[in-house]
Each structure stands twice: as C-alpha cells, then as structure tokens.
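To begin, one chain is listed below as structure tokens, in the form predicted alone.
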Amino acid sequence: MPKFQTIRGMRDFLPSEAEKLRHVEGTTQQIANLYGFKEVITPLVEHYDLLSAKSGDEITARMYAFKDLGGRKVALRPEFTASIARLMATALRNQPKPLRLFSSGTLYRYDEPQFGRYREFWQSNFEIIGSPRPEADVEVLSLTKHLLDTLGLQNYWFKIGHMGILRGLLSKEGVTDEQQNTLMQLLDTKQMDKALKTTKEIGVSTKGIATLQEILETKGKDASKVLTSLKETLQKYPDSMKAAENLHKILQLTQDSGIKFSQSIETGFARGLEYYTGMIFEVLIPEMTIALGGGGRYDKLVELFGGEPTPAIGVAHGLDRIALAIDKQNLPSKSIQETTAIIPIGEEATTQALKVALQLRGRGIAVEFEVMGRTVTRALQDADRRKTTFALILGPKELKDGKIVLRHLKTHKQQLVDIKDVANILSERID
C-alpha cells in the first residue's frame, strides 16, 4: 500500500478524465464569448467574513476555514458569487452596467463524499450585474440550455421557482430574515414536514400555513397554469403575487423568444444560499439525482459588501458533474484535438522529423514525437493505444526522396506524400 493517498473528498484526474473536464470547461468559455461575458479571476482564499456573510448556515459550516500566519481568519471559496459581489463593491463599482462576468475553477466544501459530490469540485460561473429586467434572467436560462445542447446532453430539464413567492408570504406573516433563512435551508434539503412544523412554532397564522402548504404542493410543466392557480391563494400576500407575476413574465418571454426546454415549475422550490431574491433554477437529467447546475437572482448582495444597490443574476455549472453526465448518457467522447505521431527511423531521419514536428506544431497540429527509440511496430502499437489519429513515418529511403509515410491508424491505410505538403494534407484532414 502506497504511503500517501489523496485526501478524502479530493481526486486525481487521469489524462482521459482531465481531457473530458477541460473539454467541458472549454465549452463554457466558448459560451461566455458567444454571450459577451468577460472573464475575471478571483482568489481561491478569501476573508471568512466575506464568504460567510450570505452563504447560509449549511455552507458556512462546511467551509475550509483557518487562520493564516498573520492571524486572519480566511477560507477556501465555497462558491464564486461572494467574490464577484466584492469586486462589484470595489474594483468594478464605477464600471458601466450591465457587467457580464465569467469565472471558472475549483471550489471547496467539506461535504460527505458521494457520487458527483466531492470536497474539491469545479464550476463555471456566469453573472449579469446591473439589470433588474426579465431579459437578464432569460439570458442566464438561455446560455445554460446552449451549454448543455453544445455538449450533446439529452433529456435534461429545468426546475424553476421564485424565492419571492415564499419570502413574500413569510415577511407578511412577520417571520424575520434569520428565521426565513432557516426555513429555506429546510426546504432546500427536502425537510418539508420540519419546515411546516417550524412555521407553526414561529407563530405563522393558520391561513399562512395553509397558503404555505399550497405553495409547496403547487408544481407542473405549464408555467401559466401553475402560476394562475396560485393567484387566488396569494391575494392576501401582494409581494408573493408580484413574485409569481415576475416569474410568469420571465418564462413567457423565454417561450416567446423560441428558447424551448423541458421544465418543472415548483413554487415551493428553495435554494440554500441566503442571498437569492428572485427567480431560481436548477438543471437535471434522469440519470443523476444531483443538479448539473443552478442559479438565480440576487438583488441585494452587492450592497451588503458596501456597494451601491445593484440587481444581479447568476448561474453556476458543475463542470465535473457535467463530465459525469456525459459518461452516464454514453455520449461519444470528443477529444479536444486529434494527435499525430511522428516516428523517425535512424539518427539521420530524426533531425528532419523534428523539423516536420516543428512545422506541424506551428500550424496548430498536435504532435507526439517518438522519443523512446522504439521500432516502428512498437511505436505504432503505442500510438494506437493512445488513440492517436495519424502517424508519420520517416526512414532513410523516404528521407532521400523527400517523402514521408502518412498512416491513418484507424483504417490502417497509408500513403507516401511529399514532406513539403504534409502540413497542408493534415490540416485538411483534421479540420
């Protein structure tokens, strides 16, 4: 048994796994460019008070927190949004709105490790900051759908709700923000009975509890039907009614603009992060019980950190979870780049083969040069094992004639081509 293993909840990504993860991450960067997002990179370590301010008790209790050598209490980031809000309150406070910011990287939470849930995990993060309008909410839904479609995922659906429906009712009933946060944590972890019991203990009216129960039970695929059915119930709760109308407008705009996806509207849906104020959502697939991503509107977080009142909405996508989903759905592996092996025969051919490698790499063609001095047969076997697409073989005879052997490793077909033409030939075949 080796002396050292990975720390529980942490993982090594072997080359094929790392390639899948980077493929997903690269696709999020492509989506960011398509939607006009600009990347920012924030520290992995932040002040504990920043990260705990509105993360909620559930996440705060699971942060990797410690004192640095200067005696400051710091923590590894458990999510990106607090850092983005800090940026908005400081370095970006005078930038014109809206801001579209993109981040990706590792996050840390001391969760119990299980399928798709680790203590170190990867996310991409998109934030639209400065707009209170439904168009911003639609953009976040749209880019999430675009990402999943680009990666080829199938049968996914969006679970959608609105924090204002629940908070509007509870605020009217005199429930404090702290008590509301406790209830949201219970609802987020599917502890419905305990949540209802807690509302009774707090002193919510019989009418309020009955309305809350109806909100928790109201769900369906047709947004108009679901939200219309609540109107009668929410008459005495104007803030909840306003939230339901806002959600209806967002989803109607989504549908009218041709952004179509399967959805489940759940008016009692809650997410654990305390800073959500408006529409919230998660995206799921049948093969997994954990969400591939999720997000929502947070219109009060930036001012909590000293910035101006600034509406905002964001979404985080679980990059490693999406990579798992691709495996679960048996989707074909998409290599980031096809590779060509170059195999010289003899010392005289090695110099010319290195020149060919340099030329190909200069054209953006990935090359693995044979550095082990193996026979052609052994080198081809190794290239095939590595799933290399092409092999170039250069021996004394080919070198003398200014030629090189181009072999397709899947079909085993090969041809003799001019060395000066090989870059153009490979560029056409790989593109």
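We call the rigid core whatever largest set of C-alpha positions still superposes within 1.5 Å between the two forms. Computed from a prediction, not measured in an experiment: that's the story for all the values here. The first residue of the sequence shown is number 1, and the count goes up from there.
Missing here is the form predicted together with a further copy of the same chain; even so, the following discussion is about that form.
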For a quick test of understanding: in the predicted complex, does each of T144, V376 and L406 have a heavy atom within 4.5 Å of a further copy of the same chain? no
Of 318-326, 122-130, 234-242, 284-292, the segment with heavy atoms within 4.5 Å of a further copy of the same chain in the predicted complex is residues 122-130
Note which of L230, L92, I209, I202 lies within 4.5 Å of a further copy of the same chain in the predicted complex, where distance is taken over heavy atoms; exactly one does. L92
Does a further copy of the same chain get within 4.5 angstroms of any non-hydrogen atom of K172 in the predicted complex? no
Close approach of K249 to a further copy of the same chain in the predicted complex, 4.5 Å, heavy atom: yes
Does at least one non-hydrogen atom of E347 fall within 4.5 angstroms of a further copy of the same chain in the predicted complex? yes
Taking a further copy of the same chain as it sits in the predicted complex, is M63 near enough to touch it, meaning that at least one heavy atom pair lies within 4.5 angstroms? yes
Just give me the residues of 348-366, first to last, that have a heavy atom within 4.5 Å of a further copy of the same chain in the predicted complex. T350, T351, L354, K355, L358, R361, G362, G364, I365, A366
Return yes or no for I345: a CA shift of at least 2 Å between this form and the one not shown, with the rigid core superposed? yes
If I superpose the two forms on their rigid core, does the C-alpha of R363 end up displaced by 2 Å or more between this form and the one not shown? yes
Is A32 one of the residues whose Cα moves 2 Å or more between this form and the one not shown, with the core superposed? no
